[in-house]
Every structure is written in structure tokens, then in C-alpha cells.
Ligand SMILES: NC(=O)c1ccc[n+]([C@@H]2O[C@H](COP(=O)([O-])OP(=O)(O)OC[C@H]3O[C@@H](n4cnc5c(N)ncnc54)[C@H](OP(=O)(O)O)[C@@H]3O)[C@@H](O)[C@H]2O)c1
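Next up: just one chain, as C-alpha cells, the form predicted alone.
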Amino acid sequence: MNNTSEKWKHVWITGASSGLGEYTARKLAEKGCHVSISARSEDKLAAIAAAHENISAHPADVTDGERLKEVIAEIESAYGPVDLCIFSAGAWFQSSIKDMNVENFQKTIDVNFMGVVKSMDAILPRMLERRNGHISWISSVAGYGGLPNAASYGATKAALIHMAETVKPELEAENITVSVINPGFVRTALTDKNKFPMPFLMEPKDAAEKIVAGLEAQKFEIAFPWQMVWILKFLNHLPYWLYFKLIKRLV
């Protein structure tokens, strides 16, 4: 048994039917962890689980808090306490204010932000009772500051970063580790919708390796690729007049 499977015998990942959630699940399963995966797509989950003996499928929509609680009861009864959670479910809609769609804003908030809140609500009481665990969620470098055509998506990702910063001291006082994962562009079904250049685009397998390595190191922020991280962090330390001038040129 390797160090990863000794640390995390049981992992729960939401949004695991594709993209980062799927590849991270496969990576952790290869390392000997049992990985319980959840998403809306039963067929995709079943196919992933059928390909690896360490993965089990437990369909759930992260907007359904009661179903998430049922999943936690099921998987902990079958595979023991969840040691690590990765909340990976996400939604993206282009958010040009000129073509504002209130429904898309609401869907993005419901999945990206409230989906994490409801997932935490399902697992945290058990982790707090045990005084043990590691929770993490996928945010984005888009949460560092405002970017064009990402009003709803970027706002939810900024909220996730803020929430991670807020809950970290309180939860770590209870021996629960908190990590926020901030990827740049990763080739997934979501980014396939983009009709603009995506600098430093990463393959999901490479991104999953960085996520697992960062979680193993118990990093608070796991951010990549470094070029995109540093460019956006630099931009967001500039005064607004210069920030908007540079953003306008990029657009």
C-alpha cells in the first residue's frame, strides 16, 4: 500500500463523469484509494467504475442536497469514512452583459457555488464528528479578478476562493484540511465550448497529476499552469486604471 492510499483510503469526487473529476478519480484509484464518484450521468459513471476495481459509481446532482446526504450514507456504509473530498462539478455559460441571461447566471451559481455548499453540508458533520478529513474544490484562476464574458462563471469562482480562505482556519482547528484548486485552461467538455484562444492549455491527465500532488502536499492553493497563475495574479495587483487598460487590449 502506498502513502496515498494509507492517507486516503476512501475518496469522494463530485462532477466525476468527465474532465478533471474523472481523471483525478482514475489517478487516485491507480494509487490504491477507493474512489466513490458522483455526477448526474449514470451511464458515464458506470463506464468509469467498470474500468477500475477501486472506483464505484453513485449518481447524484450537486444541486440536490438530500440526494448528496443519501450518497454519503451509502458510500460510508459500504467503504468506510470518507477521508478526502474533491468537489469538481461545474457549469459554464458565456456571460456577455449585452446578451444577459438571468437563467444562466442562476444555473452557474446553483452548480458551481451552491453545489459545493450542499456537498460540504453532506459530509462535514461526519468529518467534524471524527475530527479528521480533507476537503477541496475546483475553483479557477478566473476567480482572481474580473475577465470579459465571464461575469457569472468568474463570480462563482471568486466566491469559492473567498469561501476557502474563510473556512480554512475554522476547519483546520478541527483537524480538517482545506484546499482550493485553481486551474487555468484545461481541455474538457466545458473549454471545448470556447471560441477564443486559450493560452497554456493543459491536458486533463496532466492537470489531474498536479491536483493529486498538491493534495498530497496538503497545499491550501493548488494553482496551474504557473504562467497563467502569475500573469493573472500580477494583473490583479495593479491599480484599476492600468488593469482595465491592459484587459481592454487583451480583448
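In this text, residue numbers run from 1 along the sequence as written. What you see is a predicted model, and the numbers here were worked out from it, not measured in a lab.
Another form exists, predicted together with the named molecule; not displayed. Remarks below refer to it.
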{"item": "Residue contact check: Asp61 to the named molecule in the predicted complex, 4.5 Å heavy atom", "value": "yes"}
{"item": "The named molecule contact in the predicted complex: Leu20, any heavy atom under 4.5 Å", "value": "yes"}
{"item": "4.5 Å heavy atom contact, Tyr144 to the named molecule in the predicted complex", "value": "no"}
{"item": "Touches the named molecule in the predicted complex: Leu84 (any heavy atom, 4.5 Å)", "value": "no"}
{"item": "Which of 151 to 159, 124 to 132, 165 to 173, 70 to 78 sits within 4.5 Å of the named molecule in the predicted complex, heavy atom basis", "value": "151 to 159"}
{"item": "Thr4, Asn54 and Ser179 all contacting the named molecule in the predicted complex, non-hydrogen atom within 4.5 Å", "value": "no"}
{"item": "Residues of 126 to 164 having any heavy atom within 4.5 Å of the named molecule in the predicted complex, listed in sequence order", "value": "Ile138, Ser139, Ser140, Tyr153, Lys157"}
